[in-house]
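One protein chain, two forms: both are listed below as C-alpha cells, the first as structure 1 and the second as structure 2.
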Structure 1
C-alpha cells in the first residue's frame, strides 16, 4: 500500500507555499532581479531580431526599386571613373597643340579642347574632384546639423528658441554669394571649399533633424530611458538617434545633390580648383568661349555633371519611396 498522508501533515502545495514564506528575503530579491534581467535580455534579443528583419526588408525593397537602382548605377559609374579613368583613357592633362579643337572622331570620341587635350579623358577624370568635395561637405553638414538638431529638438524651450533664431539668420544668407565672400577671405583650397559648403548646408540639415527629434522625444522608449535616470547625451545618442536614421539618410542624399551642384558652380565662378584640373565646373568655365565653334568641349562635361546630379536625385527619390512604406 502507498504511504497514507496524515491529516495533520500539510499537502505538497501548502508545503511549497510555506517554503516560500520561510525563504530568505535577499534570495527572493535576487531571484526577482534575475527574472527582470532575463526579461530584458529576451526583449533586447527580440528587438535586435526585428531590426535585422527590417534591414533585410529595406535592402530587398531598394534592390527591387527601379528608381533607386538606376540612380545607384549612375553614381557608381562616376565613382568608378573617378578612381580608374586614368587606366582606361589617356591622361587628362596631355597637350597636343596640333590636335586642338578637333571634332569627335575614332581617335577622340568626345573631341579635343583648345589645347588638344582629350575631352573624353577630362570628362571621365572630372568626376574625381566633385566626388571628393561633395560627399565630405555633406558629411560635415550632417555631423554639425545632427548635433544642433538633436540638442534643439530634445531640450526645446529657450535653448530651442535661441538655436532656431540663429539658424533662421543663416538660412536667409544666399549660399553661393556667402560662399564667394568666405572663399575670397580664406582662400580657394579644396579643404576650405569642403568646410564652407558643409557649414552653409548645416542650418537646413539641423531643421530637418530637429523636426524628427521632436516627433521621437515623447515616445515611450524615451520616457523609459529618462525614468531609468539616463543622461541626456545618452538618450539622444543611443535612444533617439538610431530611430531617426531614415530621415537623416534621405536628407543626406538631398544635400549631396546640392553639394555637387554647389561645388561645380564655385569652380565655374573661379572659386574652386585651378587649371589644369579637369573639374567639370572649371572646364565649362574655361571652354565656354569655344561653345559656338567647338560645343563638345562644354556639352560633354555639362552632361556628365547633370547625369551625376540626376543619379543622386534618383537615389533620393527611391529611398523616400521605400522609407515611406
Structure 2
C-alpha cells in the first residue's frame, strides 16, 4: 500500500494559509510606488472575484459529487412526486375492491393493495405526509430544543441544573410510552404527529445545543456584549444563536432522518396517521399482513421510505465532504 493511501496522513489543513499580516493604511500612503493604489483596488475586485469563484467552485464540486447528486436526485424526486404525483399517477385513494391484491402489471406497475388501490400511486403520494411531517417536526424540535438549550447553556447554574434534570427525566421515559400517551391524549392528525415527534426529539436536541452554547458563551464577543449592557435574551438570540448554526444544522439533518423513521414507526404502531393516508409507515403497517401473498404492497413503500432517508443522508454526507475539502 502506497503512502498516498495511508490512513495516518494528516487531514487537509490550511492553518498556514489563514494568517495575514496587518495592513496599516497610513503606512501605505508612504509607499513610493505609483502603481500601489490601483493594485489595491485590484485586490478588492480580486477578493470579490475570489469569493464568487469559490462559490462557483463549491457548486461545481457538489454537482460533481456522486454522493451529493444521488441524494439530491432522490430527495428532489420525492419532493416532485409529493407535489405532482396526482397529475401523473392514478388516484392514491381510488378504491377498486374487486381488483384487490393484484400483482404488478401494465395497468398497475406496482400492483394493487387490499382495497384494490394502485400501489404506485400510493407510494408516490406517500411522500407527501413524510415530507411535511419530518421537516416540520425537526424544525419544531430544533425550535424547542434550541430555546431550552440556549437558556440552559447560557444561564448555567441552578437553571441549567433544573432544566437538565428535567431533560434527563424526559430522556429516561421510553419514547414509545411517551408518544403513545401523548397521542392518545391529543388524538391524531398530521399536526399532532408533528408536535409529538418534535417533542420527542426536543430533549436530545436541547442537549446538543446546550453544549454548543456552553462552548460559545465563554467566547470573548459574548463578554463584550455583556460589557455593553445587552440583555440576556439579546445575547442568546442575536449573539450566540447565529454562531451555533453549524451544530444546529448537523443535529437537524440527523433528526430529519430519525423523524422520517419515527413517523413511520408511530404509524406502524397505530399512533400516527390514519387511513386513507398513503403514508409509507402506515401502509407498511396495514399491508404487512399481506407480505407473503402480495409483497409488492409492502416492499415498494418500504423501499420508498428507505430511499428518502438514504437520500437525505447522502446530501448531508456529500455536503460535509465537499465543504471539508
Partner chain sequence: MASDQYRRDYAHHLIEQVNKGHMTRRQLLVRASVFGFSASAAGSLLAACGGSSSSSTSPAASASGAPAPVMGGTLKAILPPSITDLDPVTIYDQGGIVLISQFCEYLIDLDNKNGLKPKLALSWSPNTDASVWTFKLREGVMFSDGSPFEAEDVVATLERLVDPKSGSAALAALAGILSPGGTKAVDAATVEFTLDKPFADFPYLVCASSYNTVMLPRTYKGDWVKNPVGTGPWTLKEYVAKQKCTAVKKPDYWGKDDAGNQLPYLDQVDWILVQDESAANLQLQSGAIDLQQQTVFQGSQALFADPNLRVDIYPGSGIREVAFNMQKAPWKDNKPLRQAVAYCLDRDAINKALYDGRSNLGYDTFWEPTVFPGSPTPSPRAQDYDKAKQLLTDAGLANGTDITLTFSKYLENPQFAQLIQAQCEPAGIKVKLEQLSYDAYYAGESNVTPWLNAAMTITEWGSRPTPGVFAQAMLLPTSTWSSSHWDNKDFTDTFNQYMATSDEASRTDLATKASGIQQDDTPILLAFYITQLRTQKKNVFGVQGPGSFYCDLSMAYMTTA
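Think of the rigid core as the biggest set of C-alphas that the two forms share within 1.5 Å after superposition. In this text the structure is predicted, and so the values were computed from the model without any measurement. Residue numbers count along the first chain shown, from 1.
- The form predicted alone corresponds to structure 1; structure 2 is the other form.
- For residue 114, the Cα coordinates differ by 2 angstroms or more between structures 1 and 2 after the core has been superposed.
- Core-superposed comparison between structures 1 and 2: the C-alpha position of residue 261 differs by less than 2 Å.
- Shown in the overlay between structures 1 and 2, fitted on the rigid core, is a CA shift at residue 305 smaller than 2 Å.
- Core fit done between structures 1 and 2; CA of residue 64 shifted by 5.6 Å.
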